[in-house]
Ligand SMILES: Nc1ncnc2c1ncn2[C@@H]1O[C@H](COP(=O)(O)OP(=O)(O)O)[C@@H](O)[C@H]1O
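Heads up, the chain below is alone and in the form predicted on its own; it's given as structure tokens.
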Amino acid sequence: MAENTTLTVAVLSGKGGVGKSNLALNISFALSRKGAKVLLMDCDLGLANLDVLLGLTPTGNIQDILDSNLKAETVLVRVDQGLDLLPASSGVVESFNDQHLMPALLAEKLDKLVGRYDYVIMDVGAGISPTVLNFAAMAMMRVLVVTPEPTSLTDSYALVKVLATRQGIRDHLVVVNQAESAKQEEMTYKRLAAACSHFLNITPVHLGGVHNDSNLSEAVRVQRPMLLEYPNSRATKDFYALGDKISKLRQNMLPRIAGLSPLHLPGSSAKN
């Protein structure tokens, strides 16, 4: 059996509206533009929006894979050189009701597919639903997206707490999005880290930040990734920097993940 080299990364947020999907999308582009093979998975079952951000109309989605015998390869959408999208459904109530069986079924159906990529970036829904917790536990790495807003910090703390108590997950990388300055980015991270350390004995790691950029709304309007629409913007440089940091982390983790399945089951000993 070949050694695993795929790093699965769950991009999470305690609340909606913090730019999580845009972050997952642009980091995926940053990694693929540096030569990596990337699968971007929309794991927000029922409230998907990655296809909208890209101006695509997929004919199938991840729920079709879960609910039928449809092969994952038939649902994939080629987005860019080295970058594929596995879409989810939008405006449809989640049809897969047994959340205890979902991780095992999804891992079984996607195991061979995800192993073809260097990275699988999982854009997970916001909040603390069972689906969110399951996807977070299936990944090898978790990136928590926060903004300087107090509600984002409190909801992010709640997510860290629930993941620790229900899934035993205690490792998180934090990205501060929509920061007006490096000082605000650092203060936002420190507030979250202080609360997690004091009350949960968990210290999340500061991965980096993305500056607030007025061009983002225009990129969303024209349904193009910020990285392509405004390649010289400050936020685009931040996305590339985050991609570089994740790439270095993957290189360091390769010996540790070699014997693991890219998507492992919640509660397994393989979980970080």
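Bear in mind that the values here come from a model prediction, so they are computed numbers and not experimental data. In case it trips you up, residue 1 is the first one in the sequence shown, and so on.
The next section is about a form of this same protein that is not shown, the form predicted in complex with this ligand.
Chemist: Though only this chain appears here, would V18 touch this ligand in the predicted complex if you measure heavy atom gaps against 4.5 Å?
Modeler: Result yes; V18 sits at the interface with this ligand in the predicted complex.
Chemist: Spell out, yes or no, whether the shortest heavy atom distance between L207 and this ligand in the predicted complex is within 4.5 Å.
Modeler: Close contact is absent here: in the predicted complex, L207 is far from this ligand, nothing within 4.5 Å, heavy atoms only.
Chemist: Applying a 4.5 Å heavy atom distance criterion, does H211 contact this ligand in the predicted complex?
Modeler: Yes.
Chemist: With the partner left out here, check for me: in the predicted complex, does some heavy atom of N49 sit within 4.5 Å of this ligand?
Modeler: Result yes; N49 sits at the interface with this ligand in the predicted complex.
Chemist: Go through I65, L45, L39, L216 and name the one with a heavy atom inside 4.5 Å of this ligand in the predicted complex.
Modeler: Partner contact (heavy atom, 4.5 Å) among the options: L216.
Chemist: Name the residue from N177, S89, T188, T131 that puts a heavy atom within 4.5 Å of this ligand in the predicted complex.
Modeler: When this ligand is considered in the predicted complex, the option within 4.5 Å is N177.
Chemist: Among 217 to 225, 242 to 250, 57 to 65, 27 to 35, which stretch sits within 4.5 Å of this ligand in the predicted complex, heavy atoms only?
Modeler: Heavy atoms within 4.5 Å of this ligand in the predicted complex occur in 217 to 225.
Chemist: Mind listing which residues of 22 to 40 have a heavy atom within 4.5 Å of this ligand in the predicted complex?
Modeler: Read in sequence order, the lone residue that approaches this ligand (within 4.5 Å, in the predicted complex) is N22.
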